[in-house]
Structures are given as structure tokens and as C-alpha cells.
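Before any questions on binding or motion, here is one chain by itself as C-alpha cells, the form predicted alone.
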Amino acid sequence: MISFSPTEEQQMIVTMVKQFANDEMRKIYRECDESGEIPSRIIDTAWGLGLVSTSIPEEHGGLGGEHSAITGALIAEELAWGDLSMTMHILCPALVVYPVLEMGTEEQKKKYLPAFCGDKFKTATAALIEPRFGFDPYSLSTTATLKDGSYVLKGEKCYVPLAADADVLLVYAAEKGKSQGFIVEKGIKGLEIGEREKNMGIKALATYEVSLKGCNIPKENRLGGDKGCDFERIMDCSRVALSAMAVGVARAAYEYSRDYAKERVAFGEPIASRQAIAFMLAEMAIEVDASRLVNWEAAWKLDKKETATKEASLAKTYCDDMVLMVTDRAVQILGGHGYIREHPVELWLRNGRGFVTFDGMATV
């Protein structure tokens, strides 16, 4: 029998995250979008919930909880319902923690994981996307060449969240034509962080271009050591995370426009009673729920350690289209009000438009 109900523990986590998103994130998301900054107290409070560090084994300083893609998807959706920029910032350390936890050597786990078990937010990030037309994560222009016992990294990256403050970057590069991860520490010669990018959406999340100009890193900093990493699984985990966030953003837009339509009276009746509006809202609700189920299926296969590339790819593609449709219709339902910053739907539309370009910027 198939169950679509979270476990008791997962439901407790969802309730906790939902309360945080409602009580903390929703109160300041507009202010953060306008200023381009997220208060440190929000990040530290979220870190205190243990959303990332809980999965780290006890021998490395964590609580030894189960690392579950389904749980990660549930968390990502609820946080993104609160605000996407803050969600990506809060979960950014997972871009290093989860790949190291799942694919790192014992030496890599001992060296890097304990740093993420403290009370304060530890900044780490990953660099995958490249600033070129036709970017393909399976055919990277950034290269890693083994020379004299160390890897030399050369290339350009963009959309790297929190790169200016990150102590550790997981850089993806092509080694003999195969995409692999390499752990790069802050301050290494040849690592240059560019100016903060000016994005259409996720304006409160600081993203940067990163240049790798012949960075020499130790051979043992290749993720997974000599065995390397399962890059396909890394991409699948990213697709599931981003799909869940898309569901959260879309759900926020749907709920807001639904409530607005019920309260907005025109010609003596709520506009929700108009067939054109009612049909749009119905389709939005259907698409949000359908997208969540597709996302959960991919996450479930990841938890079973099965190949989930098909399911994760379908979920990502479907949710990319869905979130754009739902947020755009939310703007339409609000009419002229949808285009002004007094209402959040224009923000959700700007954020929703970016999902198709967010490869590798989140993981479960």
C-alpha cells in the first residue's frame, strides 16, 4: 500500500518549519527583497532548528539523524513558501554537507563535517553554473587537471550563492570529460570572487561570479577521493530540492491570489465567483498538488538508493513550468494590484521565473 502521509517525525519537522516560515520569514521577505539583505538573526534562528546539521553523524559532532530526501523536500517546500531567497541562504551549507556526507572519503568527513555542527551558521557553497550560452552540467568548461600530485582548476562560474563569505566551496569541473566535485577552501591562490550579481529575482540572496585561475588543490580534495563522486545523483538531489522549492513558491502565490479573489468585490460580488477566475484558481490548485506528488516520487526513489534521474528530471521540468504558470496567473488575478509591490505576487513571479536557471543551487 502506498502512503502519501509524512511520518510522525516528518510531520513534527514540517510543523516547526511552517511556523518559522510564517512567524519569521513572511514578516520581512519584502524588506529583504528591497534591501538585498537578510538579517543575521533570521539565519542563526533557522540554523538553530538543525535543518542541515541534524543529518551529520555523531562521530563528526552531529545528532546522527537520518538523511532523507523526502524530509529535505518537505523542508524546502515550507521554507520556500516563506521566501525563496532566505530558503536558499539557510540551506546553502547543505551544498557541501550532503555531498561530503554521502560521497566523501572518511578523511573528508572528519575534516569538514564537524565545522557545521556548531550553534552559528557556517557558510559554504557550491559552484556549478557557468556564464555561457548552452550551459550543460555534463559538459563543463571548467577543467580539473591532475599535475604533480595536485589538481589545477581553471574556469568561470556564476550564480554561486554566498561565495564572498564561504569558507568552503564545492566546485564542479570536468576531469577527463567527466563532471566531478572538488573541495576548494577560502583564500587559496587563484580563487577570485567577483562583484555581487544583480538578479531579476532572489534579490535578497547574494550570488557571485567566481573565477578559478589555476587554483592548485590537493589531490585528496577531489570529492570521493580516487573513486570520485556520483555526479548524476548530485544533480538528481538538486533537482528534487529545486522542485520542492518551486512547489512552495507556487503554493504561496496560489493561496494569496485565492484569498484575494474571495475578498475582492467587483460589481456586487467577489471576483472568485467569476468563471474565468474560478477556473484559473482550480487549475493552479491542481498543478501545485500534482507537482508535489511528482517531486515526492523522485525523493522517495532517492531515499531507496535507486536511480532517480528520470523522475527527478521530470519533476524539475514540470515544476519549472508549473511555478511560472501559477505565479503569472496570480499576478493576472490581482489585475493592476498584481503589478505593484504592495502585493507579493510580483515578487513570486520574478523568483519563479528563475527556477529554470537554478541548476545546482540547492540540494536535499
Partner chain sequence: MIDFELTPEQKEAIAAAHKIAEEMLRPISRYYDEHEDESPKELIDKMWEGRREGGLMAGLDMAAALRTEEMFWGDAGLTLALPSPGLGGAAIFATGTPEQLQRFLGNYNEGGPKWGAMAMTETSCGSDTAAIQATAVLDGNEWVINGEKIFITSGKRAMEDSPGLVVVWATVDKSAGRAGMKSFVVPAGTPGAKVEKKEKKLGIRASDTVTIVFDNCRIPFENILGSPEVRKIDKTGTAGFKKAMATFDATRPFIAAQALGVGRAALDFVREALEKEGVKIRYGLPRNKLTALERDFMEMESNYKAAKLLTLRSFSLMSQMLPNSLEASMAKAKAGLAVTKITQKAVEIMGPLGYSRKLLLEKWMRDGKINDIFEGTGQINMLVVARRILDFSRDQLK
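Positions refer to the first chain, counted from 1. Here the structure is a predicted model, which is why all the values come from computation and not from measurement.
Below: the form predicted together with the partner chain, not depicted.
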(request) Flag Glu37 as yes or no: does it have a non-hydrogen atom within 4.5 angstroms of any non-hydrogen atom of the partner chain in the model of the complex? (result) no
(request) Decide whether Gly268 counts as a contact residue for the partner chain in the model of the complex under a heavy atom distance cut-off of 4.5 Å. (result) no
(request) Mark Glu311 yes when one of its heavy atoms lies within 4.5 Å of a heavy atom of the partner chain in the model of the complex, and no otherwise. (result) yes
(message) So, Ile188 and the partner chain: in the model of the complex, are they within 4.5 Å at any heavy atom pair?
(response) no
(request) Using a 4.5 Å heavy atom cut-off, indicate which stretch of 159-167, 268-276, 145-153, 111-119 touches the partner chain in the model of the complex. (result) 268-276
(message) Can you pick out, from Tyr254, Tyr208, Phe182, Trp81, the residue that has a heavy atom within 4.5 Å of the partner chain in the model of the complex?
(response) Tyr254
(request) Identify which of Glu195, Glu106, Asp136, Asp226 has a heavy atom within 4.5 Å of the partner chain in the model of the complex; exactly one of them does. (result) Asp136
(request) Taking the partner chain as it sits in the model of the complex, which residues of 283-314 have a non-hydrogen atom within 4.5 Å of it? Please list them. (result) Glu283, Ala285, Ile286, Glu287, Asp289, Ala290, Leu293, Val294, Trp296, Glu297, Trp300, Lys304, Thr309, Lys310, Glu311, Ser313, Leu314
